[in-house]
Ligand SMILES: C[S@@+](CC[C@H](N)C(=O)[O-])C[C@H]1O[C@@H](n2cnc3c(N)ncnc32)[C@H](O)[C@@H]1O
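As structure tokens, one chain now follows by itself in the form predicted on its own.
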């Protein structure tokens, strides 16, 4: 799947960019990116041009990531049971907006310290048909969190000091009725945050539902970290702001979905690296039953070989019935 930013949202993004020149937006985006990658001077309150730059440059990609994760959630639990969602560290509410196709009729609370996002986040929510309230506060200092069926923190915990992470995970889990979702950049540091969250949540009673197919210790490491890509279709505006020529980009991310109730398990694994397609063979690297192993399929295996030829990094193997 290649998620595309809905027209109603892209129209608001374009509206927010109108007051600024392309050069000014590019400069603001460059500065934000450099500070974020260096993990120095990370802005908790953005200026109007910085918010516009974020929307134009990063929002399409983070939306695609969140929509991919919600798609995965919809396959492993009945999202019709999700009646309330807390988006902690919401920014413009990206993780909530991306759930619109998969979660119907829920009420959303967008928790965010930057008041500048308030009116914009609520406009975006309205454009997606979401019933949302904006709550002022930071993810570090707002515990205890009010109870919600689903709690999501997207690109938020990597900015937290590691010494505070256990306390915050405990608080997020206490506020979770059904499912806790954490999304981070697909970098070694992003994965380490995800792994730490997973370990703590399992220790206090959670179950790892995705991408994990087990509750055993994670077999991956900082040197060989768990992440996956999603292909993002770039609009002409997106390409211009990023000085890009290709009509797409591959955004890599790490995530974990944690549930109160044990998920339904099958004898499945997760494809954790790009499949290797050789003449007459496909090699799939799987995380399964707490370990990593390579599965090789040949033409002799008929339908399974055909499925493996179209299998993608990050997918379940054997594939879901709707993928086969």
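Source: prediction; values computed, not measured. Numbering follows the first chain given and starts at 1.
There is another form of this protein, the form predicted together with the ligand, and it is not shown here; the text below is about that form.
- Heavy atoms within 4.5 Å of the ligand in the predicted complex belong, among the stretches 137-145, 74-82, 211-219, 190-198, to residues of 137-145.
- Taken together, the three residues 36, 89 and 159 all come within 4.5 Å of the ligand in the predicted complex, as judged by their closest heavy atom.
- Although the partner is absent here, residue 113 sits close enough that one of its heavy atoms falls within 4.5 Å of the ligand in the predicted complex.
- Contact annotation: residue 68 falls outside 4.5 Å of the ligand in the predicted complex, judged by heavy atom distances.
- Using a 4.5 angstroms limit between non-hydrogen atoms, residue 254 is distant from the ligand in the predicted complex.
- For the chain shown alone, residue 155 is a contact residue for the ligand in the predicted complex, at least one non-hydrogen atom being within 4.5 angstroms.
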